[in-house]
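Single chain ahead, written as structure tokens, the form predicted on its own.
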């Protein structure tokens, strides 16, 4: 639970870190994007990050056109050095492979990007600072501060190598602290145990043969090392353009299937890769690293007592594809817009009503899509992987492949501009939109 806020007691050793209108906990893509949009709206924002920059993160390092669109909205120069463009996806399954170009739509770019998270996060944080956000690195948040009604009013933490106790205050806090969701948990927002938490592992290799590949390659016919069953996920080979490739796999097993040994499954898969790619122990540039991927809105509500959840802290990884960066950037912009509009109102019921529009907006954008994705995960993807939906007849049909690609990556125009768009919109409209969940607040005792 959070520490009670109020005047400092004689035994309180926390130093005052400062005050702001908004605190953002975590300077990953979600946190930096939220801080950037808030600062541009004229909101005084402090961004807290437990690590320094640059830093490494387990990720596929790939962005679909939906994520690229968000970068452009943030003012990121995607033509600068360090970005590698791709034309689409290449799916490999059962001895077949097909290439699917990203669609040319009016609302999204027609290319994807890759860039290592080692400097990707640093770049976004620097843009947030350039917009006016105040970045404090080396600050590990330990607990929320709350008032007597249980509303968050700031956070406490430890700063620097000497772990100085610090305190930051703000009437609103954005939790962007990743899969651990520490801030949300300490505010009483537990993970939904019925939602899948996927796992992913990746490793970098030197491979001049594949580093400039114009496609993101995905393998849908991998087998689990222990059981011999189809992997409930896929493997990837993403070009980074700097002589390296990101090779990894993700698994989102159904609760009835148990965990997947990612290391052994990946070792088994690497023996299938062509020898001229040069993927082996001698060309690896780092150890194999893994991380959890909270999926399908597994923590809710996304707003509660002054706390807004964005990105992995809210389980916003797509249940269809395992993509998370684009969703994090988009949710961060929605949260920032909600906060800016709310702060324009006096504190009280009017402001609270405005803040509750954030989960409603997330539900409007993704509610049906995630609900259908969670169902697909429970019935197909989490049990049998992607092989069933990449049936040979599907792979032999360009229209079906284009439809499947847009469904998996959530890239479509609205209103629909072609037959595929119209088909996907019709499908999603048939899915009942889930109600935004709220948490009942018990009355405060006098």
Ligand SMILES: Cc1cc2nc3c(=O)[nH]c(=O)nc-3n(C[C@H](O)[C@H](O)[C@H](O)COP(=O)(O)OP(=O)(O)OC[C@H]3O[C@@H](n4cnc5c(N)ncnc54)[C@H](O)[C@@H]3O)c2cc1C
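Remember, it's a predicted structure, so these values are computed and weren't measured experimentally. Positions refer to the first chain, counted from 1.
Keep in mind the form predicted in complex with this ligand is missing from the figure; the text below concerns it.
J.: Determine whether any heavy atom of residue 297 comes within 4.5 Å of a heavy atom of this ligand in the predicted bound form, and answer yes or no.
T.: Residue 297: no contact with this ligand in the predicted bound form.
J.: Is residue 330 close enough to this ligand in the predicted bound form to count, meaning some heavy atom within 4.5 Å?
T.: Output for residue 330 is no: heavy atoms all beyond 4.5 Å of this ligand.
J.: Hey, in the predicted bound form, is residue 323 touching this ligand, heavy atoms inside 4.5 Å?
T.: So residue 323 counts as contacting this ligand.
J.: Is it the case that residue 59, even though its partner is missing from this view, gets within 4.5 Å of this ligand in the predicted bound form, heavy atoms only?
T.: Output for residue 59 is yes: heavy atoms within 4.5 Å of this ligand.
J.: Quick check on this chain: which one of 307, 139, 125, 224 has a heavy atom within 4.5 Å of this ligand in the predicted bound form?
T.: So the residue touching this ligand in the predicted bound form, by this definition, is 139.
J.: If you check 241, 103, 301, 178 against this ligand in the predicted bound form, which one has a heavy atom within 4.5 Å?
T.: Here the answer is residue option 178.
J.: Look at the stretches 91-99, 271-279, 361-369, 194-202 and give the one with heavy atoms within 4.5 Å of this ligand in the predicted bound form.
T.: Residues of 194-202 come within 4.5 Å of the partner.
J.: Would you mind checking 20-34 for residues with a heavy atom within 4.5 Å of this ligand in the predicted bound form?
T.: Residues within 4.5 Å: 25, 26, 27, 28, 29, 30, 31.
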